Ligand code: ASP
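Single chain ahead, written as structure tokens, the form predicted on its own.
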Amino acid sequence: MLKVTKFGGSSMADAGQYKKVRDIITADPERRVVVVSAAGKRNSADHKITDLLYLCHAHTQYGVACDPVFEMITSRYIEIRDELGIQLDLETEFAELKERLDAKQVSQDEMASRGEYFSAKLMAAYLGFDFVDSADWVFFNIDGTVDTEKSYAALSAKAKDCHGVVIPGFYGVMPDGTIRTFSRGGSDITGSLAAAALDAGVYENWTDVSGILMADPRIVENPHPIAEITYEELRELAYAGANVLHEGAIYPVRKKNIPLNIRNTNDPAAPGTMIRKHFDSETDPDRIITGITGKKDFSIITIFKRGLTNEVGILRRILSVLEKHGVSVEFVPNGMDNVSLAIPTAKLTPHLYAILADIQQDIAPDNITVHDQIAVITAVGHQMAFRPGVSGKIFAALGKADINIRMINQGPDEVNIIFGVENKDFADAIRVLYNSFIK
């Protein structure tokens, strides 16, 4: 079984981390495809290489010398090379890059991509694997989407006869051959595309945490890791605010039903979190909630009009007002005579009065109210649908803790339960939920 492994910036930060990656790869002969990020921070005071590359490019665009910043970038990679005893001429490539940069012949995307490029060159030499440049197989369409058919065929051909390959993440090429990057965190996407292209048995995403946690550790002390989670649950948690994988990294492997395993480079013995379309059996059948997350600073517009639900097309007309002003709605709970719109306050505020005026004119409501300082919390778990009384237990626990619920929303599939509380109760509400359901 082929395993595609992706290592994040913290795993590529220095020579010590490179050694850990090598030990992980050599421990399992099925790990033959390695995708790497640019070097990350070595400590809290350090800089990510990608940030320095963006900074360096910005300097040159405004005619400001970037020599000290460029030296920080080159010295990091040369230091890793020398400490590991790798035989690789980096100086020539860095000198050529600097010459082109000074001549303003390097785009921002190409400059930003060089962190992954040099990480992959070093790691390939260190492992004795072949280097496969993402510019030779990740092909973007003119609209910025990936041409998966062409890309998959190209990587399959390049990796076919290789014992092992190392691939830089984060970038590919446009139809005219220019470098284009994914959004930040895009190396996860490259790894997922590689796994899908090669029909891997599993896609391992190695980072600095031992899988996905059931709640934010800044709020809940030592939250349990999630051993197993479905792609559907993962998507719900990510949408609701959990800091998990880049959304674009999920689709390629999900489409091909390839399991995704999140692992910890610094604790390789930990099993991490396994993500699949579905599981034949539950690791913990008593665990009703898979994860709890949320976001603060929402505003809720509540529109009250008698007979609202009997008026054909009224919801479409309300949402059309938001669309007209370029504002998206995240949640739409409703009742017999009212509908509420939960919107991030920062997105709503510049358009608030214009939106209220348009709603007043187009809908003629009996009343409109706006409540700010609202936090939206989501409890996710595919087993909730089969357990009666989950909602009641949630609301009873919050009531006992004197936390007022300002909004409730639950889909018919019952994969999640969404509710709003005041910002000041956000952390307490998450802790109450966690302590109520997690033993």
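Each residue number is its position in the shown sequence, starting from 1. Everything quoted here is computed from the prediction, not taken from an experiment.
The discussion below concerns the form predicted in complex with the ligand, not included here.
- Comparing 313 to 321, 177 to 185, 79 to 87, 263 to 271 against the ligand in the predicted bound form, the single stretch with non-hydrogen atoms within 4.5 angstroms of it is 177 to 185.
- With the partner removed from view, the residue among Phe298, Phe170, Trp206, Tyr203 that has a non-hydrogen atom within 4.5 Å of the ligand in the predicted bound form turns out to be Phe170.
- Checking Lys393, Arg32, His371, Lys48 for any heavy atom within 4.5 Å of the ligand in the predicted bound form turns up a single hit: Lys48.
- Contact annotation for Ile377: none of its heavy atoms lies within 4.5 Å of the ligand in the predicted bound form.
- In the predicted bound form, the ligand sits within 4.5 Å of a heavy atom of Ala38.
- Taking the ligand as it sits in the predicted bound form, the stretch 110 to 134 comes within 4.5 angstroms of it through a non-hydrogen atom at just one residue, Glu116.
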